[in-house]
Ligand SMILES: Cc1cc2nc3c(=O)[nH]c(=O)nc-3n(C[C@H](O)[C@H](O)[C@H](O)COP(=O)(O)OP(=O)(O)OC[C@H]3O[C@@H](n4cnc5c(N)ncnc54)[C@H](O)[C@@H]3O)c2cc1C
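In structure tokens, the next block holds one chain alone, the form predicted on its own.
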Amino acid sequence: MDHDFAITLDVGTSLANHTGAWRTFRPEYVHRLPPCNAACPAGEDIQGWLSFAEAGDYEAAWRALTKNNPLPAVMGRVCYHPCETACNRAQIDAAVGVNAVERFLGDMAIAKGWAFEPPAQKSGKKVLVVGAGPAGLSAAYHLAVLGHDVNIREAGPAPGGMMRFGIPKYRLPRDVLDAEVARIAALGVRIDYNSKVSDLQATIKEGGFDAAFLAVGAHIAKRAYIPAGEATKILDAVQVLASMEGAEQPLLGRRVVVYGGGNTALDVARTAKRLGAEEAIIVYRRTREKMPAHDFELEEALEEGVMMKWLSTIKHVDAGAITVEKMKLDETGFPQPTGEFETLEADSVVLALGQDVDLSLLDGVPGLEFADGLVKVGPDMMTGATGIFAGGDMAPSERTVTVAVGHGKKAARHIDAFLRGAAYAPPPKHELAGFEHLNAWYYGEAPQTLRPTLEIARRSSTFEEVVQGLDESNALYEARRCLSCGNCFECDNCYGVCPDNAVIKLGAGQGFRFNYDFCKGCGVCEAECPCGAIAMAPEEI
């Protein structure tokens, strides 16, 4: 018998499609922690603000970014971007240029005059912040947004701390730094310059402060005993870099030797070249692999003609020359002297062996504990003295701008809780979204955008900024390279591949849900989810 048409049922109406009791696993939508977020010492929601940037909503992206970090234009220049080291995209082609997009947003905010939203109400509490470096500025910003009155006391004549007095202008233009500090001050943060705090307890009492955050930078250069003649010119790296902010530039001579292996050593050597030195040589007692300086900064220094003397140590300094002993690594990788010596001509020797913090302001404060020249703090960033918190260079940690900004934010949240008589409990972290959670087949190759750099000739004779920023088209492209690791971006894959029509689309921006009456637990949705936002969980019995 012929039929004019076949009778069909609407999707999901067949009773035979019901799962029954034999499903052993069920799919669930999950939120996994993106590796970039997990690696950021400042605690930025990188994937979150990138999602706004890739939609072209740059102001929303900037506002999402500055919820955690008030200095994006600065950090887009000086951060060593561990987020990119952790980025899953690097296993496909190259990491997302997070740092470049961050700088783009920071620069756009300065150009367009975007300002922070003032707090809805004031708390009536006063907080003292000692030091206007990255940790102090970050803490002041977050405390001000939370409604507290903040007074920063800065010993120097200008804000920024080591960002100003330790990072050269060719890496961080001062107008950029000043613009981002001014935006924080516009929230009502008062910054007193040339106001060194020498007696913390007296300052707190006289100012009527309810809490204090100590963020004194490491400005005291470490010394090493090196025999030297009377006419020898030995300088401190911190002193050299700080003097670049004054009217008179340091006189280093034609042949400059820098002793050390950190970023400060590279900065001094590159500065010496710009001041006219024909030779700038870094003497370092270990190998390149052991050098604490960031590799991209070393590459830039080598491009500019800075020379490296690996496995070497300075034994004696005379007027116009130094004696260097060659080293060799023992079986443990530790450098040992060889007894082989070499003489190098040098008009000046600059020591870049690390810095210490001046802790004299803490004399007489009861309850404080110290170790290795640092203040001990608890998980809440509070010292042994009630109401006194510390971070940045003063606390045990890696000494970078990014870490300091993170310390300031963390301390501010705990200080806010302390002032309210409560305790701050950070939200629990999600499972990390590893590359194994992704279905990389769905992502096409898209090479990372390289930031343009100033030509070598101008780099060797001026203090113009070396690394340039992205334009809007490049920044948009770079933001769109994000894989959205661990979090649904509504690609509709699960909706399309489900053989049982068990995925229900909730609408744009609302995601999906599973109808478990029809789901067979086959796991196709999990396998075909590009970003790892679905997990198979044991069925509840």
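So that there is no doubt, residue numbering starts at 1 and follows the sequence shown. The model shown is predicted, which means the values in this text are computed figures rather than measured ones.
Another form exists, predicted together with this ligand; not displayed. Remarks below refer to it.
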{"item": "Contact of R153 with this ligand in the predicted bound form (heavy atom, 4.5 Å)", "value": "yes"}
{"item": "This ligand contact in the predicted bound form: K125, any heavy atom under 4.5 Å", "value": "no"}
{"item": "4.5 Å heavy atom contact, D393 and this ligand in the predicted bound form", "value": "yes"}
{"item": "Distance check, S312 to this ligand in the predicted bound form, heavy atom within 4.5 Å", "value": "no"}
{"item": "Contact stretch among 249-257, 279-287, 299-307, 233-241 - heavy atom within 4.5 Å of this ligand in the predicted bound form", "value": "233-241"}
{"item": "Three-residue site Y80, G161 and A404 fully in contact with this ligand in the predicted bound form at 4.5 Å by heavy atom", "value": "yes"}
{"item": "Contacting member of A215, L105, L71, A411, with respect to this ligand in the predicted bound form [4.5 Å, heavy atom]", "value": "A215"}
{"item": "Answer option from L344, A179, I226, L361, heavy atom within 4.5 Å of this ligand in the predicted bound form", "value": "L361"}
{"item": "Contact set, 129-157 vs this ligand in the predicted bound form - heavy atom within 4.5 angstroms", "value": "V130, G131, A132, G133, P134, A135, G136, R153, E154, A155, G156"}
